[in-house]
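This document starts with one chain, in the form predicted alone, laid out as structure tokens.
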Amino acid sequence: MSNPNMKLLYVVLALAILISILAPFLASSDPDGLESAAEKIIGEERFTELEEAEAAIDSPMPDYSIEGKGKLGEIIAICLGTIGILAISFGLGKIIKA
């Protein structure tokens, strides 16, 4: 007999991947909540200055996309990020449980 927890894990994983695939088509082009809050708190001029400053660490997939791949690049980047976070969480759960 199969483990009900594994079935739940597969359902959640499938749902996470489905959301990752749909996200680029459903996302707003407006700034996200964090960006808009930062702009209001520190001011538009300072926010623009910080956005244009060179990053201390380069992002492997800036703006949740792979350059030159369009929507497909966004889907791949979000799916990889989702799977990566789920794998890290699963691994940490196993370590903590042990």
Partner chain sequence: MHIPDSFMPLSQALIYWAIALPFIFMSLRWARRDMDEMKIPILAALSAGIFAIQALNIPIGMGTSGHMVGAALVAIIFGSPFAGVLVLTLVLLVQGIIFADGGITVMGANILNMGVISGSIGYYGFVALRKRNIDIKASAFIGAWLGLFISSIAAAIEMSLAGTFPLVPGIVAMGTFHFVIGIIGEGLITAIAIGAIAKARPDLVDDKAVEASKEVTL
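Treat the numbers as computed from the prediction; the structure is a model and nothing was measured. Positions refer to the first chain, counted from 1. Each form is matched to the other, and the largest set of C-alpha atoms that superpose within 1.5 Å is called the rigid core.
This protein has a second form, the form predicted in complex with the partner chain, left out of what is shown; the following refers to that one.
Proximity of residue 40 to the partner chain in the predicted bound form: non-hydrogen atoms within 4.5 Å are present. Taking non-hydrogen atoms only, residue 70 never approaches the partner chain to within 4.5 angstroms in the predicted bound form. The shortest heavy atom separation between residue 30 and the partner chain in the predicted bound form is within 4.5 Å.
Residues from 67 to 98 that approach the partner chain in the predicted bound form with a non-hydrogen atom closer than or equal to 4.5 Å are 77, 78, 81, 82, 85, 86, 88, 89, 90, 92, 93, 94, 96, 97, in the order they occur in the chain. Once you line up the core between this form and the one not shown, the Cα of residue 66 stays within less than 2 Å of where it was.
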